[in-house]
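The chain that follows stands alone, in the form predicted alone, written as structure tokens.
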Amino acid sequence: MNIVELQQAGKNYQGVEALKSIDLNLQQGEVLGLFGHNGAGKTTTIKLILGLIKPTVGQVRVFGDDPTGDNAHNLRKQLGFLQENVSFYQQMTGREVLSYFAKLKGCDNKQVSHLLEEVGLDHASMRRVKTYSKGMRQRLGLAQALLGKPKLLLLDEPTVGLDPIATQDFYQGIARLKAQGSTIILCSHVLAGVEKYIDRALILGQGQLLAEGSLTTLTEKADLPVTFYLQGSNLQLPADLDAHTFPINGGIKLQVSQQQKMAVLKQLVALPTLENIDIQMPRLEDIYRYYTNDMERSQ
């Protein structure tokens, strides 16, 4: 059974198509990166999965059931959600906020202390939320999302306000949740941060599905090049490679297809004056730029 299933799901708002016939199957233990510009349809997709809105056309199933149906209350006990801009009762302490949400969700209050420690807020648990920094509030929001050990976790810009160390800790936590069998949907504009932790990417643009698949699959479909950065004195590249080079920062930038990568690498390491070589494979940012630009070119 798929944890999340969208079949030709679409949503109209007063005649405007916010989402157009999206198909998605998400299985247990997968981490999906959901990407797109503002207005691309990411929030609408999340709301459909959470059961906050109904599709205008098509079908949405979560744990095999309609998230807006009669069993919606029980379904939501298995979900965790962190929105981009979290807001809590300012006069309550962090512990009181988390205990309140635990009661709403029907969770054991014993989880509260553990989660506060896990997100690094145990030292501030008795302070009022109004004294928290933005990053601390984001951590409290993450703790709230993890209440009840959700089987499906939806995170919208989860690292907003977190410093680099806290961001790294967060993604290590995502890896642990995945290992425990949780299914996760991650929305983020900071593509470099999520790249190592997602199994698949789904890219939306103006409500349309632009691309979906593993990063390897999407890279191959886009035929994105491998980039070599070369440094050395009086580098003389073979004639068949010279046409693909660009001068950069006192060195040479060379781009070739992925199929040529190993053959070209052998040629390069044999250069007598080569002093340094860096290899950059296509990144998530490159994949995202390709598919969003492709949409713009086709319009």
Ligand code: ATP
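Don't overthink the numbering: it's just position in the shown sequence, from 1. Fair warning: this is a prediction, and the values are worked out from it, not measured in the lab.
There is also a form predicted together with the ligand; it is not shown, and the following applies to it.
At least one heavy atom of N38 is located within 4.5 Å of the ligand in the model of the complex.
Heavy atoms of E118 never reach within 4.5 Å of the ligand in the model of the complex, leaving it off the interface. In the model of the complex, A18 approaches the ligand with a heavy atom inside 4.5 Å. Contact check for R61: every heavy atom lies farther than 4.5 Å from the ligand in the model of the complex. For the options E96, E84, D199, D122, the one in contact with the ligand in the model of the complex, meaning a heavy atom within 4.5 Å, is E84. For the options H189, K149, R127, K178, the one in contact with the ligand in the model of the complex, meaning a heavy atom within 4.5 Å, is H189. Stretch-level contact analysis of 249-257, 232-240, 42-50, 264-272 against the ligand in the model of the complex, using heavy atoms and a 4.5 Å limit, identifies 42-50.
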